[in-house]
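Structure 1 and structure 2 below are the same protein chain in two forms, each given by itself as structure tokens.
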Structure 1
């Protein structure tokens, strides 16, 4: 076996320049694919994380039926037992929210808005909502105050220190009415959110809407996006699904998931085209390696080498060429994407404005997920092995005398 490996290794260096060119093409293709995939995955993860943190959380627990009919009557009691069960699954944090709708009015202006009752200290740790306050502050625990989206604040012409009137329907048909001082203005990034969102302290919100201790959701965060699936499974098996429904962000924000999927598909097509080009290069090398050594193959079979052994040697040669290219690309690629993970590329100009418009930080962070590299490496090796079937089959059909005379 050792000698066959030696033979394969030496054979690939018979035409040093051609081998190096082929290895270089594999190297650059894999490196490019690693950078492309890591960058897009990083951007998607960043986008998803930002969006998910701000809206739904990775996983939400609701009262059964809430998602289909999102009204305050479908809220549930914020009990400690449920928290403990969810915490035991190892999730990173849990945030209670009471979400409902009401009419906000100031002066002669009024606007239907989405009211979210939040626990300001917990919420800030996840959504960084405190950092998005452009004027004033978040309400303190139990404080009757409201934070308005920046556009909403402009529409209502209500600034910090002014008061707005809230009118709505509370829990179980109770009237919800309150005069709330504006304690802060927030810029969420999304124009839609900025004109429709208002935040209150959770207990104050429960008080106004006569929903004492009630919440509409427990938003659950996980340490990293890839941990979502296992956390979802753990929570689903922990909570009583007759009383609660457990949903992950892909179910709650299907448009975002579809956007990522669709955009990913486009990137995959680009990568596949890249690999197709490389495949032709590899195939060309393979074809030349097979053709120019046909006479030698004939001699080896004549003196007693089995065709399968000969085919195996040629497959090893191709494997070595690809493996060296892939290993080199991975060795350079991983530190590179890891560096860009630690030091994301900062986007400037109009592109940055677009990013900010969506409430995203204007950066392109690379994902340092090793599976991205492993996947590209595996894909190229798979392509190589598929291509290697050509010389293997050709050798199995080889007629030694014809090959010797070729």
Structure 2
């Protein structure tokens, strides 16, 4: 076997130009597939993560019946025993929220908004809301202040230092009314969220809405999206399902899940076309290489080399060439997609309008998931080795005299 590898390695460098052309074909095929798949997966991940973090969480625990009628009356006591049971399942973090609706008014402007009572320290670890504050600050513990989305702030013409009037219905029909100073303005990145969200400190929100120690949900986050299913099943078997309901984001946001699935179907058609184009390109390179070496193959068979051995050596040559091309593309591809993961491409024009129409920030981040690169590299490698059956079969059918005279 070592002898075959040595012969194959020497053979591929006898004609450097031909070898480099073949390597370049594999290199650009893998690199193009990595970039395309990483960009698509990155868009899906960003869309899902943005909506999930600021709405339901990857998994949510709430009172039974709350999801069918999402009103503050269906809240439940913030029980520490429940926290401990959920934490034992190994989730990354748990965030308590009190979510309701109210009318905010400033001057002659008013707007119905979604009010979310949050624990600022815990929430910042999930949504990084502290980093998204563009003016002012988050309210302190117990402080009756409000943070407005940037578009909502402009609509109400209420800036930091101004006050807004809150009117709504509290727990069990109590009147919720308060004059709240604007502590900060936040840009969430989603146009829909920026014009409809307002945040309060959890304890202050509970006080205003007469819901002492009550929350509407515990939003549970996982370290990786792929860990959601196992965490969901673990939590479902841990909590009392007669009192609480456990749901994951695909159940709570089915329209988002359907959008991703539908768009993925179109993407797979595109990626299959890409692989078809790649296959024809690689096959053309192999066809050229085989035709150029027919004379060489004919002489080797004529002097006594078995066709199977010769075909095996040629397949090893193609494997080595493909492996070098794949490794080079992976080495370039990972830093490239990691860069675009940290510095997303910002889009403008009509494409940006489409993104904003879905309530998303107009960016294209690449996924830096190593499995994307491994999968694309493996797939292109398999395609290359499948195409390598052509020169192998060609050698088995070789007529030495005809090949020598070709």
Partner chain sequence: MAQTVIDAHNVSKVYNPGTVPVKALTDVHLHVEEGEFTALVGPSGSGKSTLLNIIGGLDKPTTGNVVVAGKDLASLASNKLIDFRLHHIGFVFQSFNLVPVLSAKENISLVMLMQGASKKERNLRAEELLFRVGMSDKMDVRPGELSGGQQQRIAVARAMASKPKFILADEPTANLDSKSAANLLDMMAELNREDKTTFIFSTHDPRVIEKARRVVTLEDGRIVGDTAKTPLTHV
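Positions refer to the first chain, counted from 1. Computed from a prediction, not measured in an experiment: that's the story for all the values here. Here the rigid core means the biggest group of C-alpha atoms that line up within 1.5 Å when the two forms are laid on top of each other.
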Pair member that is the form predicted in complex with its partner chain: 1
Core fit, then residue 88 C-alpha moves 2 Å or more between structure 1 and structure 2: no
Residue shift check between structure 1 and structure 2, rigid core fit, residue 117 Cα at least 2 Å: no
CA of residue 27, rigid core aligned, shift of 2 Å or more between structure 1 and structure 2: yes
Backbone CA shift between structure 1 and structure 2, residue 50, after core fitting (angstrom): 3.2
